[in-house]
Structure formats: C-alpha cells, structure tokens
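A lone chain, given as structure tokens: the form predicted on its own.
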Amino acid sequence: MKEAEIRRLLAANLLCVFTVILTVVVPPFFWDGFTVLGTHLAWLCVCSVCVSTLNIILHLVLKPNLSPKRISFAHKISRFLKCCVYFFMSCILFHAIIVLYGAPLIESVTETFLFAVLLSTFTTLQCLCMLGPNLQAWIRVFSKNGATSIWESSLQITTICSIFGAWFGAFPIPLDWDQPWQVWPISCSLGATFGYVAGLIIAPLWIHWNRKQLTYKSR
C-alpha cells in the first residue's frame, strides 16, 4: 500500500473536516444572528450544500475509483440523473426511518426532512460519488472484507460513524434537562456531524496503522 495514497486520503478528509468547521464559523460574518442552535435549519442547509459540493469536487479531482473504460457523454448524463434520483430516494428513506424511530410524523416535517438530507449527504452522497448508482457495489463495499481500496475503507468508516453518531445523538432528547440543544433535531444532527468528522479523522489513521494487514483485491 502506497503511503502517497494514504496521504491523499488524509488530505481529502481533512478538507471535509475543515469545510464542516467553516459552515459554523463563516456564515455569522454575513448573516446576523446565525448560530448552529439558533438558526439550526439554515445551518443544516449550509452544511449539506457545502459538504456535498466539496465531495463532488474532490471526486472529480482525485478520481479514486476511475474506470479504465471510456464512458460516453450520454452515459455520464444518465449516471448523473440516476445519482440525483438515488439521493432523493435516500432522503425520503432516511426521513421514513427517522419517523419510525420516533420523530414527529406531521409536526416538524421540515426539520426531519432537512436532517434526513444532512444524513444522506454524509452517507449516500459519498457512496454515489465513489461507487455510482450501483447497488451491487454498495452491498459489496459494506459487506465483510468487501472494500477494494483505502477509499472504500474510508467510506465504510465515515458512513458507519455518521449513522451511529445520529443514533447516539437522539439519547439526550427525552431527558428532562430543558436545554436548547435538545430541540428536535439539533442533538441528532450534531451527533451525525460529530460522527462524520470523527470518521474522517479515524479512517486514514486506522488505515495507516493497519496498512500491513490490509490486502485489497480487485473484484
């Protein structure tokens, strides 16, 4: 395993971490009263857009899963449209799952959907950028020993950390603490964000420490 590839992964992940931090620090300079807690829905939109944009740019620049086959322009358009449909379906699916886990069905629909968009940005969008709208590749990557590159290993770690972060973020909501960050879905979205950031940092470090044991085979 080449150290240069691990450094590229680390640099890309740190850029994503830096982008998340900027979504908290930069908007208050241009938006009076902007805070993560006070204007949480606005922050959800800003964070989702910024992280999505950076992930797409990084994929186009780094091309971690570049196919040796030449792809026609029509195929690229079809692939892009499928990715858009998959992302929208992911938002709807996450929204339904969140409601089944106890989120309000009718009340706070906007809050729930924007949280679903954020969670899709941290998970589904990365899969679409790296694997495309190929469900078989998704199943392979998230199966045991299914990753074929350090980028897919990083995808596994960040996706799992984001989902678990969102799940753990729900624990404080029913507690009688009467804190402003317990309002739905602040703690869950912050948990997902912290999980995403933690996954971005943990992934290259874990891969570096286990590089001698990791033997990727093309499939």
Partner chain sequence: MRLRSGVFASSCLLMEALGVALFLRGFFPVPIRSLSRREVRGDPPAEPAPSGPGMVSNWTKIPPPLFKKVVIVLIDALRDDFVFGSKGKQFMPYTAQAVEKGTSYSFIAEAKPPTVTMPRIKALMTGSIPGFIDVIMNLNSPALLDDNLIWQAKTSGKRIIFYGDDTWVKLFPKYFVEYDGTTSFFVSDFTEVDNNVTRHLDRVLKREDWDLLILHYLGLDHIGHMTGPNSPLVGPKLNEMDNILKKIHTSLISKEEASLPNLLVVCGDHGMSETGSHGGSSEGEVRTPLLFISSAFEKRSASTLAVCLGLPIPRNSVGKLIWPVVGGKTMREQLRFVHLNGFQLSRLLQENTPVYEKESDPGYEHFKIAEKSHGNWIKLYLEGNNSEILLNFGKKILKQYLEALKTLSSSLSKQVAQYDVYSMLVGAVIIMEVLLLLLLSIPKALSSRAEFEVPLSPPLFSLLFYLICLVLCAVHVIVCTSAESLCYFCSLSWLTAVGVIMLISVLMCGILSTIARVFENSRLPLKNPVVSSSNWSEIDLLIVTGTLVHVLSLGASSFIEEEHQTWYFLINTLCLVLCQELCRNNFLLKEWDPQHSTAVKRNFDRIGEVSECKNIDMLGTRNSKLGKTTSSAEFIKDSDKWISLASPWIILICCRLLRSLNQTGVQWAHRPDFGHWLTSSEHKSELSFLAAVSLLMVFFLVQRRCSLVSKIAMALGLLGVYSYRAAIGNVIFPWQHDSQDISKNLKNVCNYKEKCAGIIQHICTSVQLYKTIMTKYIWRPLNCDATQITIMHYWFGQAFFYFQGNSNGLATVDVTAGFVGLESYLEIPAVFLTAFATYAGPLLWAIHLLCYLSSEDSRNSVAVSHGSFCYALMRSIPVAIYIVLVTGLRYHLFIWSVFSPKLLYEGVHVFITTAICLFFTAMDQNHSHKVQD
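Since this is a predicted model, take the numbers as computed values, not measurements. Numbering follows the first chain given and starts at 1.
Below: the form predicted together with its partner chain, not depicted.
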| message | Can you work out whether residue 174 and its partner chain are in contact in the predicted complex, taking contact to mean some heavy atom pair no more than 4.5 Å apart? | response | yes
| said: Whether residue 140 contacts its partner chain in the predicted complex should be assessed with a 4.5 Å heavy atom distance threshold; does it? | reply: yes
| query | With the partner left out of view, is residue 170 within 4.5 angstroms of its partner chain in the predicted complex by any non-hydrogen atom? | reply | yes
| said: I'd like to check something about residue 72: if you look in the predicted complex, is any of its heavy atoms closer than or equal to 4.5 Å to a heavy atom of its partner chain? | reply: no
| note | With the partner omitted here, the residue among 114, 103, 130, 83 that in the predicted complex has a heavy atom within 4.5 Å of its partner chain is 103
